[in-house]
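We begin with a single chain expressed as structure tokens, specifically the form predicted alone.
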């Protein structure tokens, strides 16, 4: 079989993993094809094409075969030279995690680095990390802790929506993940994970913050307000009522962050006009384009304040 003259991935699986739509989306963002082989079958996943059956190709198994591992991943450069080879004891999730990390690295590329060079470097790093993590997950719990050097958990106390909550967290855990995963408060949305879209906005000690950037370890004793904490006695907050009245949302994904940011904006000082409202809300993006209605809702609450 003739492989393309560009970077590509070869995956040799003893048992074919499930390739869902999320996997194809990551490959599309990465711009590199994946050739996945299982005993008796082979499939190529392109950046923009539907999966295509290419047969088992035993010669590739003979050159790069999986050996005893459940999954072997090989990264080839444009001259079909092996740049990386990793084995893992389990196939499910490992390949998707690796490609997803590589895609993030490509999307966050600093200017001045060629896409080909970055693609190879980021794929190598992502595949290595993901497969090593899979190897660690197959170890007994105590042994895995010793190998991974996992940091000790920290005990952090927060006041969330008026209730004292105690958490056992890793030092790297951000507030957004603690709210969603540890406390089940899913109103704050995970958008860009880089503090640029504002979907994760919450109020901490009276100030609006991007919770995806705030470490929980920095917030001992802090008072956190999320969208779930605005309703009092079954009564909506005036800003929530204004958003409903002005139809200031469409899909609603960014709405919790918009509302909390708007409340904090009025606490910071009453805006004098619509331009000041737009400036004060510039850190919250609405991909549906409901900005005129959002401004009208905030203007209405500000006028009654």
Partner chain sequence: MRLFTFQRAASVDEAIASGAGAAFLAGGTNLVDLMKIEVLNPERVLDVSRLDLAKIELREGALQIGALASNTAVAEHGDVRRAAPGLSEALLSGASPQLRNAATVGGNLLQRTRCAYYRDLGTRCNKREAGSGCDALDGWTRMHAILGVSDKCIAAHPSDMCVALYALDATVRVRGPAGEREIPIGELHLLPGDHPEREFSLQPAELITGVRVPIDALAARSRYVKVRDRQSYAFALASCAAAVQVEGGAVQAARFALGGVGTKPWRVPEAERSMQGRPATRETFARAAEIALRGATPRRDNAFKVELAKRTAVRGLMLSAGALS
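All figures in this text were calculated on a predicted structure; none of them were measured in a lab. Residue numbers count along the first chain shown, from 1. So that the term is clear: the rigid core is the largest set of C-alpha atoms that superpose within 1.5 Å between two forms.
The discussion below concerns the form predicted in complex with its partner chain, not included here.
Remark: of stretches 232 to 240, 261 to 269, 36 to 44, 50 to 58, the one touching its partner chain in the predicted complex is 261 to 269 (heavy atom within 4.5 Å). Checked against its partner chain in the predicted complex, the residues 212, 179, 160, 227 give one hit for a heavy atom within 4.5 Å, which is 212. Residue contact with its partner chain in the predicted complex: residue 78 places no heavy atom within 4.5 Å of it. Under a 4.5 angstroms non-hydrogen atom cutoff, its partner chain in the predicted complex has residue 172 among its neighbouring residues.
None of the heavy atoms of residue 167 is located within 4.5 Å of its partner chain in the predicted complex.
Residue contact with its partner chain in the predicted complex: residue 183 places no heavy atom within 4.5 Å of it. Residues are counted as partner-facing when one of their heavy atoms sits within 4.5 Å of its partner chain in the predicted complex; in 273 to 287 these are 279, 280, 282, 283, 284, 285, in sequence order. Relative to the superposed core, residue 59 undergoes a C-alpha shift of no less than 2 Å between this form and the one not shown.
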